[in-house]
Every structure is written in C-alpha cells, then in structure tokens.
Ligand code: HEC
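Next up: a single chain in structure tokens, the form predicted alone.
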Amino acid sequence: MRTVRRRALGAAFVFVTGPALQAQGVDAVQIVMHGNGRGAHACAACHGNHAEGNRLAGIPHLAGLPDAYLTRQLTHFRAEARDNPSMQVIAHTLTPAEIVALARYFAALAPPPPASVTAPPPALGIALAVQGRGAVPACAACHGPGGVGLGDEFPPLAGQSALYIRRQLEAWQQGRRPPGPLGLMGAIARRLTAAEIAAVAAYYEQQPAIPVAAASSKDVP
C-alpha cells in the first residue's frame, strides 16, 4: 500500500466566508472557465462548462454537490491527504477564498441527467444500495434513497460516473483517500468485492441526481 503524504489541516488553512469573501472579489466563473492565472487550469477543461463531468473518463460531475463537501475535498487535495496528482497541484494554487467561492458556485448548478442506458440496474447493485449485505450497510442508510445525498457529510452518488465511483471505492480500499466520517468508507470499501463495487457503481450512475436543496427535504427509509 502506497503511503500518502499528509499535511496538517486546520489552522494553517483558514477559510474566508461571508462578507470577507465578497470583499475579496473572487470571480468563480473566471476560474472555472479560464483558471486563476497562478497555475490552476480552467475547471471546465476537465469537469465541463456546466460541471457535468465526463462519465467515460471517470471525471465526476461537481454540479449540485454540497459546497461544504466540495470545500473539504479541495482541502484534502491541497493537504495531499487525497491522492490525485493533478488535483493536488491545482488545489495548491487556490487561495482559501477561491476554494470557498468555487465550492459555492458548483453547488448552485443543476446536476446533469443520469446515464442513458438500456439495460436495467444490476440486481446486485440494487441489493447493496437498498439492503446492504452482512457487515456492509445499505448505501441508502447514509447517502439517502437513490443516492440523493444526506447533508454535507454524505454527498449525492446519483448520476455520478460508474468509473469514478469504482475508482473512489478502490482508493478507499487502498488507503489513498481519507475514510470519511467515523472511518466508514474505508471500512466498508475493504469489505466489498470487485463485482460488488462494479455493480453498485453501475446502479448509482443510472439514478437521477436532484439539487441538494431538494434532496435534503426527502425522507430517508
């Protein structure tokens, strides 16, 4: 297992919010479309003009994800706690205010439609998502029905690239991504087989994503 170099989070990286952020005049659209001029490439170059992602390349959509979640992930990249060389380099060039502004911008966008496929979702993926398996809890218990997400800790999975979801579960298995609240995702991923990972990833790619505000009002079974 490759050791991921980690740097201290917290005091060394203080976020600016509210009026202070506005006073700094951060232009999130400029960064998304053209970069920040200090080494951060345009976000749209990989994630799309509308942050819709690229399913075939395994690049996630960012549109409609919770801003606190996006802020936290960029912080992890900046601290090299989450393993992605390209995103680590980009995050290092972003100021705290730029990270917050980008997270808010992406969170306000409408998520893309689900993948257009003719085959039904795999039965194994449905079972894992809805019921779980033994020591593996149902994904819906934390990520909500259909993967719509719950709060800032458990982001939406619906409509994400199956390749991206599979790669993240493998990263958790290998310790290349922080395990999340209570260490849940690291422990769960290590209990999944390759076939289970592929099935649950395919299931969530086919689910319709909905805006975060609407998702937060849905009941959880």
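Quantities reported herein were computed from a predicted structural model and do not represent experimental measurements. Start at 1 and count along the sequence shown; that's the residue number.
This protein has a second form, the form predicted together with ligand HEC, left out of what is shown; the following refers to that one.
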{"query": "Touches ligand HEC in the model of the complex: G159 (any heavy atom, 4.5 Å)", "finding": "no"}
{"query": "4.5 Å heavy atom contact, M87 to ligand HEC in the model of the complex", "finding": "yes"}
{"query": "4.5 Å heavy atom contact, Q168 and ligand HEC in the model of the complex", "finding": "yes"}
{"query": "G175, heavy atom within 4.5 angstroms of ligand HEC in the model of the complex", "finding": "no"}
{"query": "All of Q30, A97 and P111 within 4.5 Å of ligand HEC in the model of the complex, heavy atom check", "finding": "no"}
{"query": "Contact set, 165 to 202 vs ligand HEC in the model of the complex - heavy atom within 4.5 angstroms", "finding": "I165, Q168, L169, W172, R177, P178, G180, P181, L182, L184, M185, I188, L192, V200"}
